[in-house]
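Given as structure tokens, the chain that follows is alone and in the form predicted on its own.
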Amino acid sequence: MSASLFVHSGEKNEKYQALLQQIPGLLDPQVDVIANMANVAAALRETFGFFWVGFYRVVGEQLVLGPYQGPLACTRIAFGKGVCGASWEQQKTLVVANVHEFPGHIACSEASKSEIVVPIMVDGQVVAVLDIDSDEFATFDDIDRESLEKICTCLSELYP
């Protein structure tokens, strides 16, 4: 399924609103945060059909691959490198319409064309990032950013 099926922002917004209502039921504070990340990745991929959806966790000075849905991925990303590392460094969501134009982009898959990365913040520090890739250009917009930031806020509340 291609993300282009959601060209109309109204339809995309409706899907996010429905997902945002489901997220609290998917997240269990009694369960390890990695298991919760796995459910969120699956829910996002199932809802939107994105090319790749997953998490990278901050482990020391690197982002380490966490739960994801999609083709094989890079397992480690350095601070400030690629879109994920830049989001970690800048502590903000990055929306990239064309990853081939992003300085230092890490090409885990040549099929990836656009990307959004949302940091998960706990006590002012990035503990993980949500990374979503599309196989089409300019897939992500403010609707994605705002909705995914809300989802990441829900995940951040599961950290001790």
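Start at 1 and count along the sequence shown; that's the residue number. Everything numeric here is computed off the predicted structure, so don't read it as measured data.
Form predicted together with a small molecule: not shown, discussed below.
At the 4.5 Å threshold, heavy atoms of F48 stay clear of the small molecule in the predicted bound form, well away from it. In the predicted bound form, the small molecule sits within 4.5 Å of a heavy atom of H105. Proximity of A73, I77 and E115 to the small molecule in the predicted bound form is complete: all three residues have a non-hydrogen atom within 4.5 angstroms.
Here the chain stands alone, but in the predicted bound form its contact with the small molecule, taken as any heavy atom within 4.5 Å, falls in 50 to 58 among 50 to 58, 37 to 45, 22 to 30, 118 to 126.
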